[in-house]
Structure formats: C-alpha cells, structure tokens
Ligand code: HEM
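Just the one chain here, laid out as structure tokens, in the form predicted alone.
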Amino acid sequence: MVKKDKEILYRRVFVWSWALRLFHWSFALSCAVLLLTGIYIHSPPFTTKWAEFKPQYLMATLRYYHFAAAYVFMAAVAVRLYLLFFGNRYERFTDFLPINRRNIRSLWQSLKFYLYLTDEHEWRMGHTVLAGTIYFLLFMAAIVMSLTGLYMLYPDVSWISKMGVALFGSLQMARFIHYILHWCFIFFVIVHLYIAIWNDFKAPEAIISGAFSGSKFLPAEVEED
C-alpha cells in the first residue's frame, strides 16, 4: 500500500527477463511504424505526383516499411506467446489473469486505485491483474491483426487464403477488422503512456526504467508473492 508522510525503504527486485524486454521494445517500435504508415496507406493526405521526371513512390515506400514492421511485430508476438507459457513466474499468464480468487481481488483493487476510489496501491512483483488482462486482450488483438494482414498481403497463397476465408470470410471483412483494430491500438498506446507516467508519480515502482533494466522497486516490507 502507498503510505504517506512516512519514509519508506525500497528494495530492487528483478522481474522482467531480457526476452520480455526484447518483446516489449520490438512490439512498441513496430507498432509505431505500423500505426503511422497504416494511417497514410488507408487515406493518403496528399499526392506524390510533384514532378513527372522525378517520381517519389511515397506510397510504395511506406507500404514497404509497413510490411517490414509487420514481420517484426509478428516475431515479437511469437516471443510473447512463448513467454506466456514458458517465461519466468511473472511472465506466465497464470500470474496476471483473473483466473483465481486472489487475482480477482487484485483486479478489483487495481480498478479502485485507477478510478481514484482509494489511495491503496497493491504492490505486485509482476503485472497487476488489470494491466495483465488488458495486455492479454491486446495480445489477442495482435494475433488477429497479424492474420488479417497476412490474408490481405498474400491472398493467392493457398493455405493463407483458406485460413482467411475460414476466419474472416471476404478480404473486405478482413480489411475492415484490420482497420478497426488499428484504432484500438492507437487508443491503447495513448492510455498506456499516460498510465505508465501517472503510475510513476502515484506508486514509485520505477516501471518506466524497468522496461529497460527489468527491475522494479518495492517497499522493503513487501514480501515476494
């Protein structure tokens, strides 16, 4: 719990493996490229026919960046899928999904904290259950984004076409789902950045630096769960 008007001693705890941090930054950087190029690909704000003697091929270039970033994105998703089952105890899905009584209580506590209904912050070694649940839903959305993207990029490849038809039906439906989820990712990025910064003021766990170092800071009296 967050205590006020009292000096608190903190200890440093290693939580996130190098594999998880590699996933995080690969996923974040590829998302940034995908979101920005995706906006242009969907609705180009200006033409590139500035001079016939010097074609710019801006759309083709941005599509190339989009596809290259997509492969990085899918590789990051594959790494996280592995860690959901074989990562350290704080990286496996059993630690942060509301699948038992303890985690359900934790989810409710986090909701109250972020809604300003309480000043009591639950100290956890890994993700809070609220954060973990949102990340898991984003991970599921990332899989759908990858599948719809492959379907649109390789509609003539037999197994991809069969997969796409079975899951999404037409290419137009896959494109629509891809577009809607694109805005969901934009919303998540904005909220994620806000919460990460806000949390460093409300609960000094050093989450932002932890994304680089793999460590968090917790009060010395908090025992490992």
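Here the structure is a predicted model, which means the values were calculated and not measured. Start at 1 and count along the sequence shown; that's the residue number.
Absent from the display: the form predicted in complex with the named molecule. The rest refers to it.
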Just checking whether Ser146 would be counted as a contact of the named molecule in the predicted complex - the rule being heavy atoms within 4.5 angstroms. yes
Is the gap between Phe27 and the named molecule in the predicted complex 4.5 Å or less for some heavy atom pair? yes
State yes or no: in the predicted complex, is some non-hydrogen atom of Phe113 no more than 4.5 angstroms from a non-hydrogen atom of the named molecule? no
Does the 4.5 Å heavy atom contact test between Ile104 and the named molecule in the predicted complex come out positive? no
Scan Leu58, Val157, Met163, Ile41 and let me know which has any heavy atom within 4.5 Å of the named molecule in the predicted complex. Ile41
For the three residues Phe23, Phe73 and His192, verify that every one has a non-hydrogen atom within 4.5 Å of the named molecule in the predicted complex; reply yes or no. yes
The named molecule in the predicted complex - contacting residues of 163-200, heavy atom within 4.5 Å: Arg175, His178, Tyr179, His182, Phe185, Phe188, Val189, His192, Leu193, Ala196
